[in-house]
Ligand SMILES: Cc1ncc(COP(=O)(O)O)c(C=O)c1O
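In structure tokens, one chain follows: the form predicted on its own.
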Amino acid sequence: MKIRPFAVEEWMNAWETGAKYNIAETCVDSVSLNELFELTGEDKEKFLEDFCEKRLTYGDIEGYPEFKKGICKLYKTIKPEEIVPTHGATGANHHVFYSLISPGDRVISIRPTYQQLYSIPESYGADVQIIDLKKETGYLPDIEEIRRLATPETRMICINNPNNPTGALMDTELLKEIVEIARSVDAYILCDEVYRHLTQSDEWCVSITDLYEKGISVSSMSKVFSLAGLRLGWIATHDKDVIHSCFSHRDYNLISCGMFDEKVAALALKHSEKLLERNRKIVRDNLAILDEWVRKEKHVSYIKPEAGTTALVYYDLSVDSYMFCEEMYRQTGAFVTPGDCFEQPHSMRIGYACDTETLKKGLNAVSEYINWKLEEQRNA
């Protein structure tokens, strides 16, 4: 199997460790176990004592019941038996394609988005049709283009809501229109929902699984719940054939998730509202800081995100994004992600859900680099 290099992950792997100001991170400011116990009010000593007495078997093969019960709280209609635990959302996305997509299947996807959503089905020999999201339309998919591409051979429509890297958010009405198109050709909708619930307003953010019988939601403990170190995600769907296929394929590449990871995740989801309250405050406060910086920094522009933790910020300098980001990193220690990782030239993805001081210092460093670059170009 040949697959294109995963541009954003290769960039993160190469540069993240030594960053002075990491404003490329996409998780809401991560928590330690101590912070998790303090936030939830649970008894840490009792939790650890109870766990240390357990024999380290494979655990619950289809998922720890309390973990799955906690996931159900994040949906309106999902039941525990409609959840497949995975190793992160990356594992969930890969597992859906591995379980459902065959050579020749038509898959409609979007761009920019997380590269898995088009490169993995492409590597399986699918007929991948890309819809390019446009800044002028708020990075929302063109319904007429989806309708044109949705032939009877269409196996799956892939979307990402809220969007990575732009922070665009599809509302319920737009999602319902996509559902009607998918239903007309009997196609699945895979929706990567790893940033769902991280909204700038308080209304409920609907899941594709609560709108469509063949909707498949993918999410994780990483972005919304600040627990990426657990490496836990899930697939949620009402479609019994999908659940059966995923568990069948899971026997070949996963078997089960870690006992400790699922138990910690269950504890966090038991108190999901406390974590959500913390993390929504971080993304709302920090987006206001980013927005103010964009308004003052005359050489950058963006469409303000509606949800999630990331923004796609364009700059007007005549330098490609890889050079821009690498040179800035070396000069200032500010770490962002090149827009070219998402096939969006002359831009950078900024993750604004880190701790507030890091964000402020990182944005100041970006301005420092822009000013230096402008001076260099004037003197050239």
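Owing to the predicted nature of the structure, the values given are computational and were not obtained by experimental measurement. Note that residue numbering follows the sequence shown and begins at 1.
Although not depicted, the form predicted together with this ligand is the subject of the following passage.
Contact with this ligand in the predicted bound form, defined as a heavy atom within 4.5 Å, holds for exactly one of K270, R106, R280, R231, namely R231.
Screening Y188, Y139, Y114, F97 for any heavy atom within 4.5 Å of this ligand in the predicted bound form leaves a single hit, Y114. Residues placing heavy atoms within 4.5 Å of this ligand in the predicted bound form fall in a single listed stretch, namely 220-228, out of 220-228, 140-148, 204-212, 175-183. In the predicted bound form, at least one heavy atom of T90 sits within 4.5 Å of this ligand.
The shortest heavy atom separation between A236 and this ligand in the predicted bound form exceeds 4.5 Å. When contacts are judged by a 4.5 Å heavy atom cut-off, A265 does not count as touching this ligand in the predicted bound form.
Proximity of T166 to this ligand in the predicted bound form falls outside the 4.5 Å heavy atom cutoff.
Along 193-219, a non-hydrogen atom within 4.5 Å of this ligand in the predicted bound form is carried by V194, Y195, in order along the sequence.
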